[in-house]
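Take a look at this one chain, the form predicted on its own, written out in structure tokens.
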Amino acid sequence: MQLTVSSGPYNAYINAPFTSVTICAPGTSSCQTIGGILIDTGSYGLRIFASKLNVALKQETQSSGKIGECAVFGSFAGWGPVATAAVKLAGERAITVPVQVFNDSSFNAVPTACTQYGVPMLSTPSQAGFNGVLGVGLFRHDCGQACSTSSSIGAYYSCTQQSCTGTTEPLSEQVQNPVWLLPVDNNGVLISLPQLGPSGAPSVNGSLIFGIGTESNNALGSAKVYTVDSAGNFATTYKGTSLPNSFIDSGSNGFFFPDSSIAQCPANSNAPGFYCPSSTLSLSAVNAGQDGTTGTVDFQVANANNLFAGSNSAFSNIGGSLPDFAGAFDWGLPFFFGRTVFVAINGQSSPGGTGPYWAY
């Protein structure tokens, strides 16, 4: 699948990879292709805003009501029903998979429990900056065994006309990474993006390729494998401090890590939340997989306020602090430029072993 790093369909994003997916009502020829879909290696499953859907999808139900989901991301949360769709990704065969429909006005109001995470609730595509999210991260299901056995997780709800209450959700009915359901090329993905210069670019084209070691264009080659824990994390050591909850996330638009010595951009600037050093910093950190594999990553952090003042939307050298993720280094989209990054799905066999793991 072609991806494009740009400001997105609403000219509201910095450093985000977008693609298009085709969605059909299962068993019918009623289909549509929707662009402006954010590619996210930090989540699992396809989620589309209701206002962008023209095809009628059947909502999932239990005996007690219709199924809704509260999906919480790092900087936002989304609410809406779970429905079944036939999804076609590039040249792969269409697969039937549960998806989430964001902000469906005909569905129940957001439960109170879903509004208490301290992050904004998604309301419209223009507010979000995208039309949907394609989560192609390390795991098959967006919640997993925990949601299939406990109703108190806060992800899935059973909704009557009057109210929604927490419920369990079987694995087969959870929103899930569509890649692992493909008949072939189903053990993971790779993202390939070219290198960028220090001032960035207006937009950049790259590829999202399905499978690891299944085709001539997805060989693991000399990439190092970094195994992860049950949460999908490995350890990053930065300036002598171990950050054991670290991860790689194409849906994050910068390097996000704790460093109080780097100047923050002013709150009233073009780049609140980002770093604004007086000159570009050349930094390094060491990543370590759960299996002991280590590797040094050299990276740069420039003054984001200065970069954002221009007309470019793709950058390999922007970073910021990460106050809500203790012990974490978020290797966001800048990490992907000039690299081929592999995402191996849990339980799926590949040349690098059985997932989950990152490789680059």
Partner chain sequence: MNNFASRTSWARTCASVILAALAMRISGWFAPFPAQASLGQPAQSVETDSARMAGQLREVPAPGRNFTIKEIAAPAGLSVREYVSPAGLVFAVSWRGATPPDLRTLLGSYFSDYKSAAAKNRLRPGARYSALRTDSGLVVQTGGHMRALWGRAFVPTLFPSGVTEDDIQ
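Positions refer to the first chain, counted from 1. Take the two forms, superpose them, and find the largest set of C-alpha atoms that agree within 1.5 Å; that set is the rigid core. Just so you know, these numbers come straight off a predicted model, no measurement behind them.
Only in words, not in the display: the form predicted together with the partner chain, which the text now covers.
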Report summary line: Answer among 89-97, 192-200, 71-79, 214-222 for heavy atoms within 4.5 Å of the partner chain in the model of the complex: the stretch 71-79
Query raised in the report: Would the partner chain in the model of the complex be within 4.5 angstroms of a non-hydrogen atom of every residue among 117, 233 and 245?
Result: yes
Requested in this report: Name the residue from 287, 252, 187, 131 that puts a heavy atom within 4.5 Å of the partner chain in the model of the complex.
Outcome: 252
Query raised in the report: Taking the partner chain in the model of the complex as the reference, which of 281, 209, 153, 262 has a non-hydrogen atom within 4.5 Å?
Result: 153
Query raised in the report: According to a 4.5 angstroms non-hydrogen atom cut-off, is residue 205 in contact with the partner chain in the model of the complex?
Result: no
**Report entry** residue 143 within 4.5 Å of the partner chain in the model of the complex, heavy atoms
**Finding:** yes
Query raised in the report: Would residue 272 count as touching the partner chain in the model of the complex under a 4.5 Å heavy atom rule?
Result: yes
Query raised in the report: Does residue 299 reach the partner chain in the model of the complex if we count a contact as any heavy atom within 4.5 Å?
Result: no
Report task. Kindly check if the Cα atom of residue 291 is displaced 2 angstroms or more between the shown form and the other one relative to the superposed rigid core. Result -> no
Query raised in the report: If you line up the core, does residue 27 shift 2 angstroms or more at its C-alpha between the shown form and the other one?
Result: no
**Report entry** Per-residue C-alpha change between the shown form and the other one, residue 308, threshold 2 Å, rigid core fit
**Finding:** no
Report task. Work out the direction of the Cα-Cα change for residue 324 and residue 295 in the model of the complex: closer or farther than in this form? It's 3 angstroms or more. Result -> closer
Query raised in the report: residue 39 and residue 324: do their C-alpha atoms lie closer or farther in the model of the complex than in the form you see, with a change of 3 Å or more?
Result: farther
